[in-house]
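Take a look at this one chain, the form predicted on its own, written out in structure tokens.
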Amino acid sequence: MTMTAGSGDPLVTAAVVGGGPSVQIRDLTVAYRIAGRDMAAVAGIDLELPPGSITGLVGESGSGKSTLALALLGAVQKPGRITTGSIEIDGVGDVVTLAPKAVRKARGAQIGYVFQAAQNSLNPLKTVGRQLLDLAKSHDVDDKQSLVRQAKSLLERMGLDAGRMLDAYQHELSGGMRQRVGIMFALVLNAHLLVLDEPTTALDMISQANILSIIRDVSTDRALTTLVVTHDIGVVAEVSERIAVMYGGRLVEQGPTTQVLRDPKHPYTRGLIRAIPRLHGDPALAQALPGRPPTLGTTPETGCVFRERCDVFARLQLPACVETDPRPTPIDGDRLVSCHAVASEHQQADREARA
């Protein structure tokens, strides 16, 4: 079932109801050319976003999350560029090989993106309604009245006064309102892949809860395939079915959210969870990770990028951690962990099970 902007129920997806597009990212590397060298901000990423699912991409600032999200849109800014890999999106094709004009058409129409700083995606000199008409013009939408009805329906669905929002400038809106307006712009052309970059940053707790509820409800109602990029594991736990943990431009662990958070395998994932303050019990149990995440200039050229902060490496001193970059190892069926120590433990358990 398909629909054009403004036709029918605005909560019916442009993709097949019951499942949005599948997204397959294979061996993706994004590098920045600095002082004559290519430095990888994202390296060898393999990630699948199942149709109609919400996936949380989590990690510290500088881990490469936003670069990966921008790569999905074909919007990596120079001097960055995709050097290897593919990004296959159902109904769009391989974003890496598409012509620039085709990629621009896909943004908004098939791929919706909500930026980290909502105010930065709004033009301070134009009302929301005028920017909506600019969007219609850039995507060759003829029925502008239907598009406005679609926008109003989405805004009202998110608990806003649609008329007031369309007549407002960005400075007249609160942070939570701007974020919801950003979601409206991402969905008004019936995009079926939604990417949200830090959707709750700088919002108060009530606004955060409202935004997360909206993401969950709209993603379900529209059967969207959704990627939520965040540094906040609490956000991932609230909305996502799957989680991908990123560090130093690599995916170190991924799998069903409840399984990963209940029983984290990678030392970095365990460290992130240990650092979360608890509402009950001893506050001292929350422990920050030692050291700092690597930058483009300090990422090790060989071996595991996490080893300098890793308590397992400090204890075991595995030579492989220094010599080779760990590859994803299947653990417990639907989980992948990139860690030499975990792979060794898994192989040992397999040998013992076969003995």
Partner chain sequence: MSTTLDLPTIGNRADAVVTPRRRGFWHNLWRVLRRKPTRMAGAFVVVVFVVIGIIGPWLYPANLPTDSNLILSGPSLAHPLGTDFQGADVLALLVTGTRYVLVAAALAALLTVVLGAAIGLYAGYRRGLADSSLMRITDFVLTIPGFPLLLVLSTVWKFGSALQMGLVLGITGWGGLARSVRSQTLSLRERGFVEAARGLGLSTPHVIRRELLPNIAPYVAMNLLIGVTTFIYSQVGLFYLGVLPFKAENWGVMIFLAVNNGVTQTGSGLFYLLAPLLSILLLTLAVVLLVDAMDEVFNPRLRED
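Positions refer to the first chain, counted from 1. A quick note: this is a predicted structure, and the numbers were derived from the prediction, not measured.
Note that the form predicted in complex with its partner chain isn't included here; everything after this is about it.
Asks: Only one of 292, 33, 26, 327 comes within 4.5 Å of its partner chain in the predicted bound form by heavy atoms, so just point that one out.
Replies: Checked against the cut-off, the match is 292.
Asks: Could you tell me if residue 300 has a non-hydrogen atom within 4.5 Å of its partner chain in the predicted bound form?
Replies: So residue 300 counts as contacting its partner chain.
Asks: Residue 308: heavy atom within 4.5 Å of its partner chain in the predicted bound form?
Replies: Yes.
Asks: Just one of 66-74, 312-320, 46-54, 292-300 has residues with a heavy atom within 4.5 Å of its partner chain in the predicted bound form, so point it out.
Replies: Among the listed stretches, the partner-contacting one is 292-300.
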